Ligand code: NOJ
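Okay, here we've got a single chain as structure tokens, the form predicted on its own, with questions on binding and movement later.
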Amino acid sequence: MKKPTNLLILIAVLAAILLSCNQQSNSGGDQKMTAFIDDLMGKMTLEEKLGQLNLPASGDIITGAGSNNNITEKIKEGKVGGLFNIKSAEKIRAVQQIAVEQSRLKIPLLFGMDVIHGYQTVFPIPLGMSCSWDMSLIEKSARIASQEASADGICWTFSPMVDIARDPRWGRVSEGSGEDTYLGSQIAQAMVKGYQGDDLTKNNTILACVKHFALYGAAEAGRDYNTTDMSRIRMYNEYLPPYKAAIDAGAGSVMASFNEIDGIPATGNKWLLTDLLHNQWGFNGFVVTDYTGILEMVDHGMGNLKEVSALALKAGVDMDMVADGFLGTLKESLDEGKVTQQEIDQACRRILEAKYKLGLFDDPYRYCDVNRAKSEVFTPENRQAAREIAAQTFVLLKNDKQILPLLNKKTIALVGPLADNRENMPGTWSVAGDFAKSVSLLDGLKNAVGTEANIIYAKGTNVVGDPQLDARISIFGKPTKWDNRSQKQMIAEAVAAARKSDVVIAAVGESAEMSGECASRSDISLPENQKELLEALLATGKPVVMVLFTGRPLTINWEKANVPAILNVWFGGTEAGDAIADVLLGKVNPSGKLSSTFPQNVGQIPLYYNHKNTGRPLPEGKWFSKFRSNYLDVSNDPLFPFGFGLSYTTFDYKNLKLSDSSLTATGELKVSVDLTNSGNYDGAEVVQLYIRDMVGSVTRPVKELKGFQKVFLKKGETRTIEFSLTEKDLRFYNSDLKFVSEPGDFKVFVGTSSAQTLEAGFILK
């Protein structure tokens, strides 16, 4: 072994000094914060400490069913720690002024909002964003959202939602990143980085809040707020990793979920909020409840408001959203010895630390610059970014006879209840958007074709056929625009338009609020009135392109079998119409890949790619076999598998190679494949790598995503794509909840989806 040179020694010494200085600097910053908060808390009364734990709703945006009165007086008395659902730099400055100029200790407030997928510039819904499989774009969308929200007074967002969801009946599947643990973890990290940046004291970063902790996406029957029950080993392997990834990325706050875990609601679950979150994972931020989460434990059967408030505090909740349980009952519980002063102080300290880290004690008005709001919100640059990002999220599900892209079509019939509806383009949870400024599909097509093509529009049908159901989904400023004409009249108008056209674009699917919170559906097929419209359009003999708007996977068997082209556009945000036109007309080649499996029918649910085998698995290629795990009336196959998505071009996978036949604990295995764009268009492909642990001490999934790369290739271009696997990639939680890998045989799969891959094998030694 060669001796180190003097230069190398000098470099090592300098590096050690720099590291030491950096650690001392960070330590010094923590010591300064601790000293500041120690001093402040030494001056606080019990009521003022409890006030920091109180988060009432206020302002002109409503997201829940609760209400709070006399907010101004409570702020003056130091009985409010933060507010949410108030927007605009002017309003927030005025409220902050009350806190820092009229309260005794002048403690600034936190201002939060549901900035879920953009602020005024709205990006695609999170489920759509996940289908881009592009972490740089996802982080960019969160960065722009942070920039805009912070310019308008907001310093805290209740996002990202990282719940793994495998039941598309659950409406909030639209708000998450799909069914996969690995993909969800990558997205969780990207979102936190986008919101918080590299320095929370900068006035263009905001505090992230990871939700819903935990397991909310596994609600029984897909019914919102319902019971969740699963083993610890499943929690650790499949559902908890995205939360952990967000915590590791530095998320400053966590929101407790509505569901119970092991029979105890998450809001009062000490194992979850203290033992796991703080003690095992080392989380040093604060925990806030969801809307009225403490009060709702009463209906769970955990006691009265005083009892459940004490339960929540002792479990590790720091901030009470809306319920008024902490502010109204904890003093009495303290007097009775049901809670301790130390527990109250701990919660108060965590809230104050968040305010300190945001720089609010140095400048409580740092987010209240009116000039920033005028120049940084809903800018042309942000809208252009939203348009470009949206186009990357659309998934081409079918394209028979290369109907798409639409070339040389002189007359286009645009038909359907979602063709001319700006308000529904942003999708659910877009509370800060100006829906009237959104771009509808009709707007987008007109913008794109100008005078080069004629567009004939007809509504064709309503979103749903039942006016009572229509009223339930026409909320939050997103009306479906019910048409009082008969179904027969509207279809006749649409058919007449189709007959005059070269191609028909049918804009169908869900409205924005048919998915989202409290928007569970037992039937996730296309409404019958919309199917009738499609049948009539197809009967004209004209080529039909179905542009599918949805916040969840749908059961569209008939549509897949009969409609020649299907483009799933989710809800694309404020620039949806222009982005959809870009893809339909070939300006952008679609590259989205599904992050959730589409089932054939609801009877298959839950259906996800990384399932486990039974002891009687159905043989590959079989539809049915007696005494095997299958159905009598439908195959086990999905309608569209996880990772699926077509392109206007074609990609060929060849020459899957491994650098070795084995992998050691300290080694690295290179996995390579040759990818060729063999079609007629330039395009991007998401190359996906999966593994399978063939023998384990506990049963293992049939496939697990462990890597992906989004690659752009010119037509005719070939490139070798390389992945790297290490022993760490093969680890899992065993029956003792130890994170281990086990020597033995593994398979590796690389391909265009979870169902279409090349395969090789190796041994972990």
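None of these values were measured; they are calculated from a predicted model. We number the residues from 1 along the sequence you see.
From this point on, the text means the form predicted together with the ligand, which you will not see here.
Peer 1: Choose one stretch from 288-296, 560-568, 541-549, 97-105: the one whose residues place a heavy atom within 4.5 angstroms of the ligand in the predicted complex.
Peer 2: Among the candidates, contact is made by 288-296.
Peer 1: Might residue 77 be said to contact the ligand in the predicted complex, defining contact as any heavy atom within 4.5 Å?
Peer 2: Residue 77: no, not in contact with the ligand in the predicted complex.
Peer 1: Using 4.5 Å between non-hydrogen atoms, is residue 321 touching the ligand in the predicted complex?
Peer 2: Result yes; residue 321 sits at the interface with the ligand in the predicted complex.
Peer 1: Would residue 212 sit within 4.5 Å of the ligand in the predicted complex, counting heavy atoms only?
Peer 2: Looking in the predicted complex, residue contacts with the ligand include residue 212, since a heavy atom lies within 4.5 Å.
Peer 1: Counting only non-hydrogen atoms and a 4.5 angstroms cut-off, does residue 167 reach the ligand in the predicted complex?
Peer 2: No.
Peer 1: Identify, from the list 644, 356, 457, 84, the residue with a heavy atom within 4.5 Å of the ligand in the predicted complex.
Peer 2: None of the others qualify; the residue that does is 84.
Peer 1: Looking at 255, 207, 368, 607, which has any heavy atom no more than 4.5 Å from the ligand in the predicted complex?
Peer 2: Exactly one listed residue reaches within 4.5 Å, namely 255.
Peer 1: Quick one: which residues from 415-440 get a non-hydrogen atom within 4.5 Å of the ligand in the predicted complex?
Peer 2: Contacting residue: only 429.
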